[in-house]
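A single chain, nothing else alongside it, follows as structure tokens in the form predicted on its own.
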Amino acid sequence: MSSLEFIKECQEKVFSGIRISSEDAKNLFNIPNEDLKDLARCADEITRDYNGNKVDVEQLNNIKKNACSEDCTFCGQSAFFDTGIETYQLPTPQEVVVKAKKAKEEGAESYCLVAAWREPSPKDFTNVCKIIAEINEKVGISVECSLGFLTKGQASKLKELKVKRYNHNLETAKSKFSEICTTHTYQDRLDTLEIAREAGLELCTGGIIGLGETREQRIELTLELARIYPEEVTINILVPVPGTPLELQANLPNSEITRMFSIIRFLLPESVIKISGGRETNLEDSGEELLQSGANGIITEGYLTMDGNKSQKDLEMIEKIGLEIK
């Protein structure tokens, strides 16, 4: 069987509502580079069939940027590394409302509140809840949160406040995780996702590729995401931060990035698959090709510690390739 025949066979399984096997996913990951265009095209066809032509556009607000107690080797906000980033504490609800209104006016469908800490203290969590309530009342945009580890009570409170989705990334494969972080475990991250799901929150999870992991470890992460079956997958492409242990990490080839997004689509046909941090610096087209290779979402205007494209530029890019904004 040729590579194209195998790709089409897997695609037909997806169209028939049959989940492809782990073995199928591994074989897709290892198709020759000359067949990548076929893989990407078939992933795009799955995206259109299940999700239409709309692109999920999200903006982030890093509401607390400071020295985090975790030692994630890729992160410029970790207290373990001297990266020279600016720091600040939680803003007032009024300040966040202004930014959320701007995000909505610029075409964002969702607005994610992100905080740099291991987990929210009771006081900080109360303040975040006040911010969410103000956004709900004065803006009317879908609110998502990424606040670290949660208690069951905190997760239930977020659901009560109509938070749609909770983000907590796995970061990398389980077999790679101890090289990336030692201050908490992979299981801690899985437990947090379970707490969020039990509270009725939709899940957003994913990771960062280009951390020095092998292709086999990218397969491992992808299969774990397929097992969890989140409503949204967010894939970042490493941007090495000076002062972190990964500051000299070489860029991942674009062919490996395309493989990752395409095969996630085969495994998760209904999910939002979002191109997150690093698309502007690692990809010459800021994500055009990936939005035609399985992805159907972007984060615009910037990330936790780095700027991104202006929303207008991203909206023009989406229109240029014949897609629509949600």
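Since this is a predicted model, take the numbers as computed values, not measurements. Residue indices: 1-based, along the sequence shown.
The following text describes the form predicted in complex with S-adenosylmethionine, which does not appear among the structures shown.
Taking the partner from elsewhere, every residue among Ser146, His168 and Glu171 has a non-hydrogen atom within 4.5 angstroms of S-adenosylmethionine in the predicted bound form.
Comment: S-adenosylmethionine is not present in this chain, but in the predicted bound form one of Leu193, Leu225, Val139, Leu238 has a heavy atom within 4.5 Å of it, namely Leu238. Put simply, of Ala115, Val128, Leu150, Leu252 only one has a heavy atom within 4.5 Å of S-adenosylmethionine in the predicted bound form, and it is Ala115. Put simply, Cys75 is close to S-adenosylmethionine in the predicted bound form: some heavy atom of it is within 4.5 Å. Although the partner is absent here, Ala100 is not a contact residue: none of its heavy atoms lies within 4.5 angstroms of S-adenosylmethionine in the predicted bound form.
Residue contact with S-adenosylmethionine in the predicted bound form: Ile208 places a heavy atom within 4.5 Å of it. When contacts are judged by a 4.5 Å heavy atom cut-off, Lys176 does not count as touching S-adenosylmethionine in the predicted bound form. Checking 155-163, 238-246, 212-220, 225-233 against S-adenosylmethionine in the predicted bound form, the stretch whose residues place heavy atoms within 4.5 Å of it is 238-246. Using a 4.5 Å cut-off on any heavy atom, the one residue of 172-189 that reaches S-adenosylmethionine in the predicted bound form is Arg189.
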